[in-house]
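Presented below, as structure tokens, is a lone chain in the form predicted on its own.
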Amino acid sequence: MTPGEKKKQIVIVGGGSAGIMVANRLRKKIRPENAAITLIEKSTKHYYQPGFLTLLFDIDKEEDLSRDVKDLLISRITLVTDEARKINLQGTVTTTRSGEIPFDYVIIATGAKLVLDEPEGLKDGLKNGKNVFSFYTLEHALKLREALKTFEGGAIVSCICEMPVKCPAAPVAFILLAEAEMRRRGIRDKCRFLLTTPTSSVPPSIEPYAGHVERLLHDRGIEVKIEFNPSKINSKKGFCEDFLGERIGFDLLSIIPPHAGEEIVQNSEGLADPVGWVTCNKNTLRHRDFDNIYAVGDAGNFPSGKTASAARKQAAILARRIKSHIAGGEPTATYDGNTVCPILTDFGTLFFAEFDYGRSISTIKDSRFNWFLHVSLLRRLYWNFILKGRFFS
């Protein structure tokens, strides 16, 4: 900054994985006298969402999956615990209780919300909690965990309503672990397992990973229904129907609801597509129309995976770009779509699918060591290092 130049105001809307990561990385890269960093988040708690899946099978404990947001931010970041209502192109964020918060740069990290109004019957089925479940929130995951413990046989269905969703391989991992659990309990022969996906192949829909997953499912006797787009769920009669009228029966349904951008994005003029994803350049992360508006993590319409791994890479790139802006230079850092997707295949084994916008990167290695890295080590790294930008920039 030149002498006498006003300190820049950087506002981050959303305190999920992406918001916390980018806030901490920005603070490490930009001196406090050059920029103030404010993070707006309505919740006081932050959740380790990958643990919702392992919680179902008592691999993780509920008390290990949350932390206070304030404890995850490094010093000299202002936390505003409030709801952001609207992003104004004139340079302010409207909040519920804290008034207008001005910005020179705003980073939208509001994530993705679950849309429970569709398919028909989804909301009522989840509310009843008898045979329709999900694990994409902690509350729903706890209910599904109890249902799995008392399950004595029948059809277990893992259903993806539509893409994109957070961690698209999680529904695959669920059905593989559910099959392993019933096998471990000695009731595999009393069960039927089915995975449905609205796409033309199983997630992650990139080779060689999709083909490997298909073979795993086939070898384990798990049925797959592709291009199944559910329109109705009848929890009383235990079936899910698609738009073409095809029905699939279930005794236990684990469903991934449709995802959309948060209301603040949809309420802010000119920022989003019809579903509420922030319209950004997939490499620069900058809004297609506004130089001082960026998105990071699940909130953007990037054609990469909506995972914490992708958010981490994006946060590092974005911190470098904002630093260049403030220093008066032209940002050159770009995001290539890098995503790492862990796929848990059995108790004690998993493989990592790493890919970017144009290619697959990792080889398939289904191993116990990978299980240790993801299940035993990653959560501790996440809380203490990854979120805070230590050694992982």
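Bear in mind the structure is a predicted one, so any value in this text is a computation, not a measurement. Throughout, we count residues from 1 along the sequence that is shown.
The following text describes the form predicted together with a small molecule, which does not appear among the structures shown.
Among heavy atoms of residue 379, none comes within 4.5 Å of the small molecule in the predicted complex. The closest heavy atom approach of residue 338 to the small molecule in the predicted complex falls outside 4.5 Å. At a distance threshold of 4.5 angstroms between non-hydrogen atoms, residue 313 is out of contact with the small molecule in the predicted complex. Put simply, residue 26 is far from the small molecule in the predicted complex: not one heavy atom of it is within 4.5 Å. With the small molecule omitted here, the record of contacts in the predicted complex names 260 to 268 of 235 to 243, 260 to 268, 156 to 164, 217 to 225, defined by a heavy atom within 4.5 Å.
Contact with the small molecule in the predicted complex, judged by any heavy atom within 4.5 Å, is made by just one of 104, 118, 251, 82: 82. Listed residues 360, 349, 49, 38 were compared with the small molecule in the predicted complex; 49 is the one with a heavy atom within 4.5 Å.
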